[in-house]
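This document starts with one chain, in the form predicted on its own, laid out as structure tokens.
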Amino acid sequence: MFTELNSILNSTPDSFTQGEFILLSDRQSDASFLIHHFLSFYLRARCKVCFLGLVQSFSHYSAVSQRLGVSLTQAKEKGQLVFFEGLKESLSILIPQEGNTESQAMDFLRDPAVGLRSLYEFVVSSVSGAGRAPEGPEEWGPPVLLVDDLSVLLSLGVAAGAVLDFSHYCRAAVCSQLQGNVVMLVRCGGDEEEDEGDDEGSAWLLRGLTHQCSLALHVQGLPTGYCRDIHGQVEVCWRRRRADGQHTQTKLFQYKVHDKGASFFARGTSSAVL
């Protein structure tokens, strides 16, 4: 959990906005450090977390979280964390072996026509389990869905429109009905000019998700090129709907990721970048 980022977003594990859809994205950079931040943040906030890990194994996320002071193993054992290991589940379907148990959540790999309904039902059943903690009378906080990363579904043959529908229904179930939060990561690769004309690519998916979110954090490289002391920049965009229309506020920060945290600088305040 990065305290400087909490200050920028004006949130702490004890006080944060509920019902938010937070969109993380990157282009020619790596925004995965933000996924680790929000995972540790919501676990510290005692939220019931459903994590769709479509990119890395549980051991990878566990090792990073351990450096941030959070044990994913303990969170799973307590029932606070439901971790869906997408790589393992996909392999059990694509390379079936005797004794493997297949998950219905990945039914779209067997039959693309069924879409993401089973994955959505898995999410709903996981977050609906938010309630009394097993060790005492205290209850878990609002449910949270984290996805790393949504664009992987495109590479598995799911249409961008179906992925947008999935995110919409997840937002309706978690944010609107249960007053929880959703955090999704989308990666945009390649040249922006090429992606603009692709109505089924990650850039098109990102534009559709941007219209749904209330907070967006976009990670990109420095326009000046490589810098040893600064790893890139994050554009933070707050989107608030009011009676007189939608209001958008955007701020740009430079960042550097450390082994156990990250530093953020208002653009131009770091001596490392002119």
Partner chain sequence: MAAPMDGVGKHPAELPPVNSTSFQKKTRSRLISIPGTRPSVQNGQLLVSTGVTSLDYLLGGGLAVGTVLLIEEDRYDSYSRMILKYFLAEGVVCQHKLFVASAQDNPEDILQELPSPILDDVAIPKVVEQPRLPCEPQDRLDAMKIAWRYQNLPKSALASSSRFGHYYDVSKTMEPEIRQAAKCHRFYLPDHPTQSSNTHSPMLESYSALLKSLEEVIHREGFDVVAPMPKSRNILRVGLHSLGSALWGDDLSCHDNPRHRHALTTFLYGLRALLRSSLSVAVVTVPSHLIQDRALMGSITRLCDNAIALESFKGSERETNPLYKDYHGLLHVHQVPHLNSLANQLPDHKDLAFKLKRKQFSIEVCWKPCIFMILVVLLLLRLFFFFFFFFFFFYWSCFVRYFVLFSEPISHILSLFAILCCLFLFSSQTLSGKSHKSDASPTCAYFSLLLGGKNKSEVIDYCCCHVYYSVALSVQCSEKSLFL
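By rigid core we mean the largest C-alpha set that fits within 1.5 Å across both forms. The structure presented is a predicted model; accordingly, all values stated were derived computationally and were not measured. Numbering follows the first chain given and starts at 1.
The discussion below concerns the form predicted together with the partner chain, not included here.
Visitor: Decide whether residue 43 counts as a contact residue for the partner chain in the predicted complex under a heavy atom distance cut-off of 4.5 Å.
Guide: No, residue 43 sits far enough from the partner chain in the predicted complex that none of its heavy atoms falls within 4.5 Å.
Visitor: Closest heavy atom of residue 248 to the partner chain in the predicted complex, within 4.5 Å or not?
Guide: Contact with the partner chain, no.
Visitor: In the predicted complex, is there a heavy atom of the partner chain that lies within 4.5 Å of any heavy atom of residue 233, even though the partner is absent here?
Guide: No.
Visitor: Is residue 261 one of the residues lying within 4.5 Å of the partner chain in the predicted complex, judged by heavy atom distances?
Guide: Output for residue 261 is yes: heavy atoms within 4.5 Å of the partner chain.
Visitor: Would you point out which of 72-80, 115-123, 139-147, 154-162 contains residues with a non-hydrogen atom within 4.5 Å of the partner chain in the predicted complex?
Guide: Looking at the partner contacts, the answer comes out as 154-162.
Visitor: 173, 175 and 266: each with a heavy atom within 4.5 Å of the partner chain in the predicted complex?
Guide: No residue of the spot touches the partner chain in the predicted complex.
Visitor: What residues, if any, in 42-64 have a non-hydrogen atom within 4.5 angstroms of the partner chain in the predicted complex?
Guide: Counting only heavy atoms within 4.5 Å of the partner chain in the predicted complex, the contacting residues of 42-64 are 54, 55, 56, 57, 59, 60, 63, 64.
Visitor: Examine residue 112 after superposing the rigid core and state whether its CA is displaced by 2 Å or more between the shown form and the other one.
Guide: Yes, because once the rigid core is superposed, the C-alpha of residue 112 moves 2 Å or more between the shown form and the other one.
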